Every structure is written in structure tokens, then in C-alpha cells.
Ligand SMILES: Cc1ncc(COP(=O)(O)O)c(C=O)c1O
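Only one chain is given next, in C-alpha cells, and it is the form predicted on its own.
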């Protein structure tokens, strides 16, 4: 179908292309000056002292978990509403993830449920800002401080967002960003650790480069990984960051258009954003209200895709992923808020260059899809709705 609207698309201009080509004309394709400049820019954006560029957001989280010394016997509290990497990085260390249910408005780990999950084995909290929303991060930081727990902030979806004027990425011992192609800023692949802790900085730099310490190329001080980011990836990300205000403004306008067109739809629950939050908008997610059956969301997605509209379910609960059920022993019903919301949530096409006409078409298609679902086998629900 020629008029398909993708779920996401990177925004690459001639500036990014020129920046990558410029690196190709140099003798340094890795661990060079462009990478160092990217680290400085990202640290400054997050209000941090140090930035450490790595090959992905997952690599960033893994390095942080290793630098924190997490390991077997430790428990780490985290959210079930996220991409699986936020849990995998706990498992990589041998520690055990402990899932806490989410807040229905922010979709983040619920601070009100957090303290009940703290045990003598709890070492850390990995907090994720779902869809780039910072809700709860300030309260969670206070709880972590009160219980002397390490706070790790997964800001992979929230580069450039703020709460009460404070940038996301500035909370906890260390934080991380992702530069995957569907993020606000892309490097193709890449991630960034930001921290004020100089020891974390030193350890993460060793971990990303096979455990090497400084310039001693074949001297390995510890077990490490090949998590380096190339100069090419760094150049792409740095060029994107030079356009950051433009990129974020366009994404905010796209979100505003979705709100305008969907605000009166009584079948949908839209994102809740309070006045103290500055969003940078990673995706635009909506939720069918609770009178819909769980399978209705999947049918809406199917109908949208048949109409050429890119959309997806975000996020299937991590605690119900088959390997997590097998390893941790979690099961359906453990986290009812997350489960109820996840089975009714979908994300709509959202990217920097999406046009108002495309958003209009998405919303019209969504209205039609919901209407078809209401008139389907469970049409008796239409009166209740």
C-alpha cells in the first residue's frame, strides 16, 4: 500500500549525512573526538558531570548495573511496564528483579506501592520513565534515599524531558539514554550513561572497552565488554542534537494535534500530563477504556494495520514474558493494574516529520476501527459504552 503511515521513522537531514561523511574522511573511526564531544553534550543536557557513550541503551543499563556491583542474592525493584531490557540488565548480573505495579496515570512504577516491596535483600531500584513520562520519579528518589538504596534511572525514552525544570537523567546514581532509530535522537544504534559519580564513570569506561584502563591497549583490569560506540554513530547523534530544539518542537506539535483530534473520543484514555512536566515525546500511546474486552485492542490494531496505519501494542507486561515466568515464577494476576492497562494500550504513528494530514488520517482510521469493534460479536456492549 503506497500510502502507508509508518509507526516511526528517523528524521535524517543533510546535516547528519555531512557529519558522518566528515568522519569517514578522518583516520579515526572509533574512540575519537566526536565521541568525546557527544559525551559532553549529553552530560550537559542531563545536568551531569560525566557522559559515557556506548553501543545501545541496553549496554548502558548493563554497565550501570555492573558498576553498581549487583549480583546473586541481590533484589532490584523495577517496573513491569517497559521494554524487556530494563529487566534483562538486572538478570545479566545474577540479581533478581522484583516487580512493583504501576500507577494508572503515569504508567510508571507506583511510589505508593514501592516501600512494601523493599526487603533486606533489596539493593537497588531501576525506575523507567515509560513513554518518556517522568511521573513518580521525584517521590521514588526520596524513597531510595530514605532506605539508602541505589537508584538507577532508565531515561531511554525521555531525552530532553523535565519535571519541575529538572532534566530527566539527573536522578539517581546514574542514568542512561538510548539513540535507537525510533527515539527522539538517533545514532542508528547507541546509548549514553550519565553520572556525577567519578568511580561509576571510570568503571563504565572500562566495561565498555573490554575492561581496559586508560590507554594501555592490551592491559585489562577487569572483565569487560565490546560496548563501544563508533565515531560514525556519534557523529550522527551529535548532528541530531544540534537540531534538538527543532526536533522536540515538531514532536510536541504532533502530540498536540493528536490531543486536539482525540480529546472528545469517549472510548479512549489519553496520556495524562501535568503542568509541571515538560515532555519530549517518545511515542503517543492511547488506551481503550475498561469497558472494552482485552482482545478488542488487538482487533483495533489489526484493522488499523489493514488500513495502512502503523501501530503496535506497548508494552506487554514483562512479568508475563515466558522466560520471566519460568525464571522468576511470576504469573497472571500478580500486577493487575499493569495487566489491565497493557492489554488495552496501543501506540499510534509518531515521528518528527509526521504531518497534520497523516495524523488526521490516523485518527479517522482509529475512529472507524473502534466503531467496527463495537459493532462486532460483542455488539451488546455498544449500549453500555
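From a predicted model like this one, the values you see are computed outputs, not experimental measurements. Numbering follows the first chain given and starts at 1.
The form predicted together with the ligand exists for this protein as well; it is not shown, and the discussion that follows is about that form.
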Query raised in the report: Heavy atoms within 4.5 Å of the ligand in the predicted complex: does residue 85 have any?
Result: yes
Requested in this report: Spell out, yes or no, whether the shortest heavy atom distance between residue 225 and the ligand in the predicted complex is within 4.5 Å.
Outcome: no
Query raised in the report: With a 4.5 Å heavy atom cut-off, would you call residue 282 a contact of the ligand in the predicted complex?
Result: yes
Query raised in the report: Is residue 134 close to the ligand in the predicted complex, meaning a heavy atom pair under 4.5 Å apart or at it?
Result: no
Query - Option touching the ligand, based on a heavy atom within 4.5 Å in the predicted complex, out of 53, 46, 61, 34 - result: 61
**Report entry** The single option of 251, 287, 208, 183 touching the ligand in the predicted complex, heavy atom within 4.5 Å
**Finding:** 183
Requested in this report: Just one of 297-305, 173-181, 229-237, 95-103 has residues with a heavy atom within 4.5 Å of the ligand in the predicted complex, so point it out.
Outcome: 173-181
Report summary line: Restricting to 155-173, the residues within 4.5 Å of the ligand in the predicted complex through any heavy atom are 156, 157
